[in-house]
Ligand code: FUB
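A single chain, nothing else alongside it, follows as C-alpha cells in the form predicted alone.
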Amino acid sequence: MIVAIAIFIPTEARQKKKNGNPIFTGWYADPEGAVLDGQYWVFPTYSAPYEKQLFFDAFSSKDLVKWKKHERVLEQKNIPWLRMALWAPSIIEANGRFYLFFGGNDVHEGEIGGIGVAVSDRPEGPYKDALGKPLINEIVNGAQPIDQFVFRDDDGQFYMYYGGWRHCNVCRLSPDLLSIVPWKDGQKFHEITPSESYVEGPFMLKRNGKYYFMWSEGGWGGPDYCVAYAISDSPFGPFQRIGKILQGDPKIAMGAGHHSVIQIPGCDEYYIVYHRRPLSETDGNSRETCIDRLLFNDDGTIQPVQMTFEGVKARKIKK
C-alpha cells in the first residue's frame, strides 16, 4: 500500500527561492548591475528631489535573492564640485581598482557639472572623486552629459556611451579611465543617436560577436517610459531600432526603464536590472529597482521582458 504524504511549504519559504520585486526597499532608480569581486552588485540613483540626491547607496548579493545594503558609498563630501542631482552610477573594475562614473548637477550650458569619476580599492567604497572636476562638462552634439555607461570591448578598449536630451555620444577612454582619447579625426565625441525616439539611458551588451545597443524612451516621470534596442556588427553602429524590450504593464507597474544587464560569468544567461513605478504611486520619484530574466530568440533578437512580482531564482556565481 502506497501512502501519499503532502508536504506543506510555508509561503515565506517558497518566496525565498526567488528575490521578489522590488529587490530591496526604498525608492531607487537607474540601476547599474554588475559582477564585482565574485558577487552581484547594484548601484542605483537615490530617487528623490534633485537637491536631496547627494549620495549613492549600493547593494550586493551572492545569489540575486538576498541583498545587503552598503550606505553612502559615494557622497557629496567626496565630490567637491557636486551641488545636487547625483545620477545614474556606472561601475567597472580595471587596473586593480573600481571606477564609479556618475552624473552631477543636472548641468546646462555654462554651468559646472556633468559626468565625473570616483575611485575606490573596494566595490563597497568609499569612493572619492578622482579629478576634482567633471570628466565631461560641456554640451556636445546636443547631448546633456548624463547617463554614462562604460563598456570594455574584447580587445580591452574602454568606450563611454552617454547622453540625455535625445542625443547620444560615444568616446574612448584612456587605459586609466581618467581622460578621453580623441578619435582619428581629432574629435573627442561622435554622435551615435540610434533613433528619433531615443531619450537617455544608453547601455551596451556584446553577445556572440554582435553589439546590442539599448536605451530609454519616453518621459522618465511618466507611464510611457520604456527600453528599446538595436543590433550592430560594430560598437559604433549604425544602430537601426528593432523595437521595445521593456515597458509598463497595467497589471504590474508603469514607467519601466533605465536598465542595465547582468551576465552570469561564463554563461549565456542574462538578467535585466531596471526601475519601475508601482501602480499605487503617482510621484515621479517613487521608483523601485527590480530584476527579471532577459531572454534571446534563436535569431539573436531579444524577447520582450515579462515583468514580475516574483523576480528570479537564486543564482550563485561558480568560482
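Model, not experiment: these values are computed from the prediction. Heads up: residue numbers just count along the shown sequence, starting at 1.
The form predicted in complex with beta-L-arabinofuranose exists for this protein as well; it is not shown, and the discussion that follows is about that form.
Under a 4.5 angstroms non-hydrogen atom cutoff, beta-L-arabinofuranose in the model of the complex lacks residue 162 among its neighbouring residues. Looking at residue 88, you'd find a heavy atom of it within 4.5 angstroms of beta-L-arabinofuranose in the model of the complex. Shown alone here, residue 225 lies within 4.5 Å of beta-L-arabinofuranose in the model of the complex, counting heavy atoms only. Among heavy atoms of residue 107, none comes within 4.5 Å of beta-L-arabinofuranose in the model of the complex.
This chain is displayed alone, yet in the model of the complex one of 220, 198, 203, 99 has a heavy atom within 4.5 Å of beta-L-arabinofuranose; that residue is 220. Partner contacts here mean any heavy atom within 4.5 Å of beta-L-arabinofuranose in the model of the complex, and among 172-180, 107-115, 140-148, 236-244 they occur only in 140-148. Residues from 251-284 that approach beta-L-arabinofuranose in the model of the complex with a non-hydrogen atom closer than or equal to 4.5 Å are 258, 275, in the order they occur in the chain.
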